[in-house]
Structure formats: C-alpha cells, structure tokens
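Just the one chain here, laid out as structure tokens, in the form predicted alone.
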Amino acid sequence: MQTVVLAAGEGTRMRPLTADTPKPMLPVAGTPLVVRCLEDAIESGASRVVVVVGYEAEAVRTAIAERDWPVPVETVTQAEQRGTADAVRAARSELEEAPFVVLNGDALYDRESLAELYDANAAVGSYRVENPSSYGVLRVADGRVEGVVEKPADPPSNLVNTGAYVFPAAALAWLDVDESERGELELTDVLQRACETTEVRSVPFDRWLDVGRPWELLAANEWALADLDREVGGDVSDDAELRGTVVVENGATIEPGVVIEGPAYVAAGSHVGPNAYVRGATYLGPDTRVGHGVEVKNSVVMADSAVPHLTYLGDSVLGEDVNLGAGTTVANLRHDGEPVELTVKGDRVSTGRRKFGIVCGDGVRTGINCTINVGIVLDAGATVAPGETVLRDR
C-alpha cells in the first residue's frame, strides 16, 4: 500500500537536541528515526513511500538517498509546518486515487502490529496507556472507532492514537480542513470524517513509542538496542571484556581494561578506553570518545562528542560535539526517589523515570571537576566553569 511518512516537524519538545538537527534524524541504535520508520513500513507492507520533509529538509533527504530501498521512496516538501493534514496535503499530488497509509516518522511501532494495520481497509493504530489524558484518545465501540478526543479531562477510553492510519482513497479530498484551536490543520479532523463515512477499525499495537521528548529518545534506544544481535568488528583489545549484546562497528577502537555490558552500540570511529566502563543500553555515536576512568551508563552520546577522563555520565543524552571536562559528575537520582523532571518548552515535566541525568545540546563544554544535578538542560553552546555545581538550566 502507498504510504506517507511525516518527517517535516521541527521537534520543539526535543530541544535543545533539535536546534540544528531535525528530530527524524536523531539516532536510535545507529539508525535515524525516520530511516527506522521507513524500514518498518516497508517490512510491514508499504509498496511505495512518500516522505514529507520540512525543517532541515536536506539532512533528511540525504539520509534517505544514501540507502538502497526495495520499493520506490521519494520526498516532498511542506514549505510551512502548518499541521499534519497540511503535511499529507503536500504529498497528495504524488499519491494515486487509492487507499493510503500515514505514519509519524518520529515514532517506533512493532512490526507485527504495523503489518496488521496494513491489512486493514480503514484503520487507526491504538495503544493502551494508564494515563490517556495527555494524548489523543479514541472513542471505540465494538472495535469500531467513532472519533478521537484530544487530551480530554475525562477520557472515553484508555486507547490512544498512535499516529498510524489507513485512509480510504476518498480521504485525499478531505485534507482541506479548517484550522484547529491550536492554529493547525489536523489530520485527526480527516480521521473524524472517515469515522463518520466508513467503518474505521482500531488496530491495537503491542508496542509503540512516540519519540517527542529527550527521555523518550533514551527509551527508543533502550527498545532498539534490546533487539540487536551481537556483532563485534573494529579493533578490540584482547584485554577488553564485552558482555552480552554488544555491537562494535568497523573503525571503532576498544582499548585494554574496557568493560562493556550490553546492550550497547559503539559506532565507527569511536574510541573507548583505556580502563572505561560502558553499560546499560548505551549508544556511542560516530567518532565519539570515552576515556580513562569514565563510566557511561544508559546514555546516548551523539557524533563527535567526548567524555574523556574520570567522569560519570548516567541516563543522559548528549548532542553532537559535546565535551565533558575531566572529573565531570552527572547526578541521575533524586534523594526523595520521585521521578526526575525536565524542562520542556518552558515547563517542568515529569519524565516518569526514577533515574534521569542531563540533556546537552550541540557544542556544550564543561570544565574540570564540575557537578551537574538531575534533570538539567544545557542549551547548545552552553559552558560550565571548572569546579562549578549546576543546579539550574542554562
């Protein structure tokens, strides 16, 4: 089935990681989010894919063009990010008069459930959550979707909209919707019309993750790393110890005294050690450095970043070209045991995680012997002085 993948958004909730990188290009176990979405779509039944790009579009186009796809894949541009219905409308001229699938390019879907969606005539993916009030909630009766309610105080169900749809061909004419209260052209209005004119089925997903905020990028890597098979290339010292599912790409170097406990991924050009400890669903991007006496636990370290000496980094996300000075210590646990909060678009929001460290935008620099508290966001280019204790975002 023909498929539209939405990858035009800026990802403001993911700031500062998206200051210069489009959210669909953030790495998940060595693969950009949007590429992973395309792989899942094609494996599940996509016969042709149109990717809608916008913010930092060239980076997304390049990532797609670098790969050989078994089905036709092309890109179209949403000139102004006016909402999801407008994004699909940007792809309309490339679609045939036939049913079509729409997927969010920044979400993870389990392939078995996604394949079931592709087998449906008209459908929306659903996922059961404990607290649905933060999502678009589906109104469902006898497996038939009657509509969707955005972030209701009194949810009609605990089934939320996963942003995965099968629309009938007629929906191509329904994309010219009115602006919502948020000032956007919403694809959920198209879904509502489909519910009123045809039988729309709810397809339950066993696993789904909306990767919208930094801690969800951690969760996405935890999911993807757990599904990898062990593969060790590169230059690995005989005196290094790799335990469990560890991927070391060709071109990476693992020095003596290093212990890596999988699941973990070490990308090409990375240099780990000597005498370093990497554990707990950690991704080390291309050309990263983890030096002597460093422990990295359950973290994402993006390309060209360095954690060189005598440092602890736990449950954190570092953007590109970050350098943590010798002796930098990152806290990742509140003394009261409550979930760590993080600033998202100016508001402190619970991550739902008992352990979470810091988020660093591209180009952050910390001085030697500094300490950074839990839930701190350091904006792109921020600096921390030697010996400083950081208790607030900057």
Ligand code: TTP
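In case it trips you up, residue 1 is the first one in the sequence shown, and so on. In this text, all values refer to a predicted model and were calculated from it rather than measured experimentally.
From this point on, the text means the form predicted in complex with this ligand, which you will not see here.
Practice task
Please overlay the site onto where this ligand binds in the predicted complex and tell me whether the pocket on the shown chain stays open or is blocked (3 or more ligand atoms within 2.4 angstroms of backbone or C-beta atoms).
Solution key: In the predicted complex, this ligand occupies a site that, on this form, remains open once the ligand is superposed onto it.
Problem - Selected contact from S237, S157, Q81, N323, since only one has a non-hydrogen atom within 4.5 angstroms of this ligand in the predicted complex - result: Contact check passes for Q81.
Practice task
Find the only residue in S126, T282, S270, N104 having a heavy atom within 4.5 Å of this ligand in the predicted complex.
Solution key: Comparing distances to this ligand in the predicted complex, the residue within 4.5 Å is N104.
Problem - this ligand in the predicted complex: contacting segment from 225 to 233, 261 to 269, 288 to 296, 84 to 92, heavy atom within 4.5 Å - result: Answer to the contact question: 84 to 92.
Handout entry: Proximity of P22 to this ligand in the predicted complex, heavy atoms at 4.5 Å
Key = No.
Handout entry: this ligand contact at T383 in the predicted complex, heavy atom, 4.5 Å
Key = T383: no, not in contact with this ligand in the predicted complex.
Exercise for the section: Give a yes or no for T371: in the predicted complex, does one of its heavy atoms lie within 4.5 Å of a heavy atom belonging to this ligand? Expected result: Heavy-atom contact with this ligand at 4.5 Å: absent for T371.
Problem - Partner contact for E184 in the predicted complex: this ligand, 4.5 angstroms, heavy atom - result: Although this ligand is absent here, E184 would touch it in the predicted complex, with heavy atoms inside 4.5 Å.
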